Ligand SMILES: C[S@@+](CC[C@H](N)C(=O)[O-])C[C@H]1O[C@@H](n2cnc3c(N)ncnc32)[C@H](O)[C@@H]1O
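Just the one chain here, the form predicted on its own, laid out as C-alpha cells.
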Amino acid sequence: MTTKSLPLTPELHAYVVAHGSDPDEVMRDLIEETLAALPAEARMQVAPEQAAFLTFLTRLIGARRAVEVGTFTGLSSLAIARGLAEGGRLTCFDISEEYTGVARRYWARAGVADQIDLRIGPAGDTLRGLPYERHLDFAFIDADKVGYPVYWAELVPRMLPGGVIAVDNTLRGGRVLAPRDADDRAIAAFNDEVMADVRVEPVLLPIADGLTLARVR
C-alpha cells in the first residue's frame, strides 16, 4: 500500500493503458499519425489514458453541452464527443487550420463530426461568442498556458451548477515547484487562482502532466 500516487515506469504505463484505456483503431491511427507527421508537436496530444478518462468523465456527468479550448489534432475532442449524451454538442476552439484539419478527418471517421462545432481564432475572443448564461456541462482547457486565466474567466460563469471544468498540464512536469519559464510561472499562478476561487470545488490529479478538475458550485 502507498499514501501517494505511484510513479509510472514505461512498463507500468503500458499496463495502465492496456487495462481499461487501450485506444481503438481510430484513436491508435490518430496517435500514430500525429507522432509521425508532427514529432516535435506531438507532446501536445493528451495521453491515451487521459483520453479514456475524458470519455468516462463526460459520460459520467451526462454532459450534453461541452467546450474544448485547444484541440490540436483532435484526440481529446474525439474522446469528449464519444462521451456526450444523446444529442450532445461539443464546441472546439483552436487557432490552427493545419492541426484541426487532421482532427476533422478523424472526427468524420469516428462518426462524431456532426456533434462538433470548430471555431478558429484566438479563444480569448471566440469564447465571448458563447451565450453569457449558465449552459455548459463540461469544459476542457488545454491550450497556451498563459491564456488559462482568460479561458477560466470566460468559462466559469457559463457553467451549469454541478458542471465540471478539466484543465490539463497543471503540474508542468513538476516544474510548478520551481518554475523555469513563463508557462511554468503562469500555471503555478493559475493553480493558486483556482484554489482561491469560491465558485468551484477543485482537485488536482496526477494524471499525465497533471489534470485539475473543478466542479462548479
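Residue positions are given as counts along the sequence shown, with the first one as 1. Given the structure is predicted, the values throughout are model-derived calculations rather than measurements.
FYI, the form predicted in complex with the named molecule isn't displayed, but the following is about it.
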Are any of the heavy atoms in V176 no more than 4.5 Å from a heavy atom of the named molecule in the predicted bound form? no
Whether G70 contacts the named molecule in the predicted bound form should be assessed with a 4.5 Å heavy atom distance threshold; does it? yes
I95: touches the named molecule in the predicted bound form, heavy atom cutoff 4.5 angstroms: yes
Mark D117 yes when one of its heavy atoms lies within 4.5 Å of a heavy atom of the named molecule in the predicted bound form, and no otherwise. no
Choose from 152-160, 59-67, 187-195, 45-53 the stretch whose residues reach within 4.5 Å of the named molecule in the predicted bound form, heavy atoms counted. 45-53
Which one of G129, G111, G101, P122 is close to the named molecule in the predicted bound form, taking close to mean a heavy atom within 4.5 Å? P122
